Structure formats: C-alpha cells, structure tokens
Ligand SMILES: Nc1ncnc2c1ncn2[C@@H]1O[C@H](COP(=O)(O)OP(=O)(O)O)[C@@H](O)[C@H]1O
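In the form predicted alone, a lone chain appears below as structure tokens.
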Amino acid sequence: MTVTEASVPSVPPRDPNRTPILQARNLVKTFGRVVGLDGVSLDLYPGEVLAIIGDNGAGKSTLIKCLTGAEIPDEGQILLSGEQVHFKRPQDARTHGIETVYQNLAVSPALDVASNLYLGREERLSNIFGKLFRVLDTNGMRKRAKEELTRLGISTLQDVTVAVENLSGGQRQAVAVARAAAFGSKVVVLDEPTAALGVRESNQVLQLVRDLRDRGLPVILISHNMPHVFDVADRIHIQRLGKCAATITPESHNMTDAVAIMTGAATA
C-alpha cells in the first residue's frame, strides 16, 4: 500500500512543561552554493533517545557537526539548558558536556580499555611524581574505568587492561560509548553505532542506549537501520534536502511512514 499525505497521522504535541536540554533554532549552513542546512530546528529532552534519520545528503551529518562543534553554523542558535552557546571546535562541546561517538569510534587499538576511556583526559598522580614528572595515575584510572563499566552494566569488558585491538567490534563500540557516558554530563551523540556489528553485538549496543536513557542522559542516535531506530527511539527527527521534514514517534508512525516522509512521498 502506498503511503499518502492523508494517511500519515500527526505527531502528538510535546509536554509544554518539559524543558529541552539541547535546542537548535533555525540553523543554516552552506558550503559554497550547496545548502547543508536550511533553517533546521531541533529539541532534545532529558532522558530521551532522539533518532535522526534521512537519505544521503539530507543534512544529518552537517546538523550533528554543528551541534558538536565540528562545524560552525552560518545562522541560527544553539541553546544548552536554555542558554545560548557558541561552539567553535569539538572541544568546546565536550567542555559543555556533549560527547560524540563517531562511526570510526576514534579509539586507539594499541591502548588498553582503561587508557581509551581516559584518552585525552589522562589523570596524573597527585604526589610529586605526578606534579613534577607528570607520571600518570594508571592504577587509579583502571580502578575508575572498571567502576564506570560496572555502573553502565557492561559485562563484556571484565578486564580493563586488555588492548582494544583484541576486542570484538561490539566490545570496541562499548568502550567508545562508555567513554562518552563517563564524561558526557548532558548529551551523548552516537553516529551509526551498529553499522558494522552483527545481531548479537548490535543488541548489546542498543541496550547500552536504553541504559543511558534510563539514567536520565539524553541520546541523539544517527542511524540508517530503521528497526533499530524504532526499537529504541522516543522521537524521530527526519531530515530531507537540508530541512527537517518532520518529527515523529514510533507510536504515531510506522517504518513505512518514516521512509515515505524521508523520500518525499508523504508529509507529516
């Protein structure tokens, strides 16, 4: 059956008493004559998974890059906890509590699990050796890494001294997600976290996403896998031709509806 505009139900309104933790307002980003974003707005609420879907060239990556400091929008506003922020580089977003797990994971295979969790945030000993000779607190970082993995319920990584190159794809993804969860105090962004994983490992990552949400940490999930999106997302932001075509929920729309909106065969 072909989905028509009339057959697509409208999304229920959001609770006006809830305050978004992250907001984008009328973001515009151009690359010469190419329009990456054309007035895109977005709301992310505490304790929810917001999926972002769209065809290639729809503006998903550009939107995420603007929200995480990898790109600077030409126009529009980004607000975090109600206050406007200006990210000029990814480090600015990380300083404000926004952590991103990219598709290539950005882990160091030669380092162990604990070292990867603290990559770029290494802690030194508090004594003279750490202050004068900059000796790292290896044991302390391993202890805290183990505690963080336990807190997240990640049971597949028992030994934090194992080199990441010896882990499976799902375990590497778990390391990257755990690092984001450990330091992402406000928002975690996951870019295609299950793209290269099998069924079992994908399910483990999806459970991690649910666990983050249950802890009250909002998650932005970028994915082409529609079953995964409809499995874990509370709301779904659909990008099309640089604009937000619709924001729907798994309760108000099905996968066929989402694909129809994404391709322009229907509107919400």
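Predicted model only: the values in this text are computed from it and were never measured. Each residue number is its position in the shown sequence, starting from 1.
One more form of this protein exists, namely the form predicted together with the ligand; it is left out here, but the text below deals with it.
Look at 230-238, 204-212, 30-38, 43-51: in the predicted complex, residues with non-hydrogen atoms within 4.5 angstroms of the ligand sit in 30-38. Residue contact check for residue 62: one or more of its heavy atoms lie within 4.5 Å of the ligand in the predicted complex. Under a 4.5 angstroms non-hydrogen atom cutoff, the ligand in the predicted complex lacks residue 217 among its neighbouring residues. Put simply, residue 58 is close to the ligand in the predicted complex: some heavy atom of it is within 4.5 Å.
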